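Form predicted on its own, single chain, as structure tokens, below.
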């Protein structure tokens, strides 16, 4: 069963005659429980595609159904609610609030969607435990290594029990050892709990734990590679 169905997705920026076509009629399907990786050179359109699939941006045209919802028909308030209740995000720059502790950062999306403080605190602690940060609840981001900060970001993503986790270049700012640990963590989430994951990367070695790789060039998918 496909949890994401995208058909003829386009995304353009600017106005004629100075218009840039970043996505050119892309079709994507993602099965529930799948680990999908999107690869391509810089400027290929892979991050732009992820922003459409993850409901962080709106396609210029096309059809997009995520978890059975036609997200193209949602207004901005409905899109925000949908993201908070259905999707989890991991970004290359961690996107942590510097003045909040690790646990408070993980609590944020839970509180935003209406969870009581005590519930959010308990779920945040559980998520931090799951990513190996049991002793780091009160640490500020500046008191954590890059790899640990990305683990906090993953804990924040899984705390909301998302249907899909979107990871945009999650290893871009990490050293080799930390990068492998993050990829291993995402792969484990997929294999042990059936977590659906869509990840963008430009490093092939980090894509090898996925079920499929979509290769992009000039705003189009030029090849699909099945791994397992």
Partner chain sequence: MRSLRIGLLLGLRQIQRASIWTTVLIIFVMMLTFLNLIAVSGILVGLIAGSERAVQEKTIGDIIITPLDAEDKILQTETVRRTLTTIPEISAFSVRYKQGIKIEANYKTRRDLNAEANIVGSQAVGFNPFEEDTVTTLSENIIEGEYFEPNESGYIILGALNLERYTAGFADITGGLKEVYPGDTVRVTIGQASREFIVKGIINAKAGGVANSVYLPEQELRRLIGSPDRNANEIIIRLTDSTPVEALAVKDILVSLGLSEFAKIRTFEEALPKFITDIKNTFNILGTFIGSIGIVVASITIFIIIFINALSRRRHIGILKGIGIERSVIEIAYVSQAAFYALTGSFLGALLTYSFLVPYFDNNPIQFPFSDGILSADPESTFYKFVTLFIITLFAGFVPAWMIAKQNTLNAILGRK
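Nothing here was measured: the structure is a model prediction, and the numbers come from that model. Residue numbers count along the first chain shown, from 1.
The next section is about a form of this same protein that is not shown, the form predicted together with the partner chain.
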Does at least one non-hydrogen atom of residue 57 fall within 4.5 angstroms of the partner chain in the predicted complex?
yes
The partner chain contact in the predicted complex: residue 71, any heavy atom under 4.5 Å:
no
Is there any non-hydrogen atom of residue 93 lying within 4.5 Å of the partner chain in the predicted complex?
yes
Hey, in the predicted complex, does residue 97 get a heavy atom within 4.5 angstroms of the partner chain?
yes
Near the partner chain in the predicted complex, with a heavy atom at 4.5 Å or closer, the residues from 129-167 are 140, 156
